[in-house]
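This document starts with two versions of one protein chain, written out as structure tokens and named structure 1 and structure 2.
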Structure 1
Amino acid sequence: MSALRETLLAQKPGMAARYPDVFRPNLRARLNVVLVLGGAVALYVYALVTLDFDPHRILGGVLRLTDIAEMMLPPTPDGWARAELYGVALGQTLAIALLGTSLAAILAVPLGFLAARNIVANRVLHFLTRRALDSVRSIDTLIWALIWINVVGLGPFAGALAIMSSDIAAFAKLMSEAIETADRKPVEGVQASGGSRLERIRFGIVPQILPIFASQILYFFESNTRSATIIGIVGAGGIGLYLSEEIRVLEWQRAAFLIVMVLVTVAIIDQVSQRLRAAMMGAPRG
């Protein structure tokens, strides 16, 4: 390797003389890179200074963090009664994720059709739907949870509604994109054999978007399981309530146990849903 390297390096001046265009540095591109990188680093330093990052504090924190990590071992729920409590809360978390995802999926169907350019030709309606969806999407799930707690009270129901609210927009957007990119030919075929507008949608478009949509639902369910684990932090049910409580009262072993529970559950759900999605999207049937 190194012998080759040396011979090649020895040839470099000759090569540079023969192919000057290749070896000439591209100053403009370099300047661009330096400007972009320099800007990013400058902003980084500015942020560090503005947010008052103190090396002593960071060091102290890291030391305390290692202590905490030590105190987390071994993770334990401290007795069966509490483990049962956690298990119920975990079930509740899954229920919240499932319910929120399906509610969002159901409600997003009409919205998706409204936001699709090839279904609704009215440009104003189309624009308004899109903007409304964007504004709903820009609010985080936890904020929605707080709002819904004011409406239906503390508990998992508020959590499910919060997940629904924050997902509706994303679902509708995906759905409208799937509809817009759907193949026109089946629709025209149904029309040519005398199908009505509704029949064109049912037999021309729905079969095309159904597998895409189903796999998206599963994907969202995966990510919502993660969101549902934290929604309890603000009191909207699920395992997050216990997690934040155990951390606040510095019961590190229990907190670690809860985190492990979440990790394992999420890993299982990811695996199952990945299989299902692969089965749905790919693999010609039969």
Structure 2
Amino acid sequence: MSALRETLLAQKPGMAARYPDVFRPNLRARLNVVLVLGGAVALYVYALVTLDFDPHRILGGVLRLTDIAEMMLPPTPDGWARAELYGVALGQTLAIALLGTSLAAILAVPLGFLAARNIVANRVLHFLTRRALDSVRSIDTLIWALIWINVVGLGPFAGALAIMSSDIAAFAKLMSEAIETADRKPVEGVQASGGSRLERIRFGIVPQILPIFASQILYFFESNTRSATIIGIVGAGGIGLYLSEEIRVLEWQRAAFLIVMVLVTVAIIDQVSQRLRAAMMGAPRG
């Protein structure tokens, strides 16, 4: 390796003379890197000053967190009646996540095709669809929950609509990217056999993206189970509402029981969805 390195270094002056554009330092790119790094450092310092960063406060918070963790032990619902109530609320949270995810996936299908560059040739329509999806995707699930609570009132229905609104743009974006990267050979095969444009999409593209899209639905359902817990805190139903109430009245053992319920549920969903995704993608099960 050292001999090869010495040979290459000896040839470098001649290569630099022959290809000056390649070996000329790109000052503009280096300046951009310096500006980006400088801006990031300046923003970091500004955040430390603005947020009143104080190591003593962090240490005090860690000590307070330790005290709260001790008060959470042992997790208990304080009676079977309350445990049953929590179980119903957990089922409601799962229903919110499932309904919101499925509605978002269904509505995202036509939007995904509209946002795909190889499906929609009209640049204006493609641009407007992409920007609309970006606008919707920029709004967090919690904000959507507050909006829908004011529209349809408190309860799990608002939570399902919030998850649907938050995920529809993400689903459409991921689906459009899968369509754009799909293999062209099946499409060309359907076209060569006399298939129409709709048939090229149905038999050439859909079979390729369907396993990917189904895998994404499972992943989003798992993630939305946690999101449904959070939006319940603002009144969108589910177990998050009870968790917020128990924390507010400082019933830490009950709050710990609710947290354990959510953790166990998410872990089970993760294992099941992982196996389902592996089966759909044809990968070996772990």
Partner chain sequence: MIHTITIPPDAQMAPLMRAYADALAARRRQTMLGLALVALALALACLGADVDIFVFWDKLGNFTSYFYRLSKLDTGAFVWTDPTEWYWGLQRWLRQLGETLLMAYLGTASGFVGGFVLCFLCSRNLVRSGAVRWVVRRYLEICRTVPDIVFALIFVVAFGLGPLPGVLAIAIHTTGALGKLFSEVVESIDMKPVEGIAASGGNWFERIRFAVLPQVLSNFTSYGLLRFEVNVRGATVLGFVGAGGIGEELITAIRKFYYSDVSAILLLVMVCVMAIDLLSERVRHRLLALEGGRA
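By convention here, residues take numbers in order along the sequence of structure 1, the first being 1. Only the largest set of C-alpha atoms that superpose within 1.5 Å between the two forms is called the rigid core. Not measured: the values here are computed from a predicted model.
Working note: structure 2 is the copy from the form predicted on its own; the remaining copy is not. Superposed on the core, the two forms barely differ at residue 248: its CA moves less than 2 Å between structures 1 and 2. CA movement of residue 62 between structures 1 and 2 equals 3.0 Å, with the two forms superposed on the rigid core.
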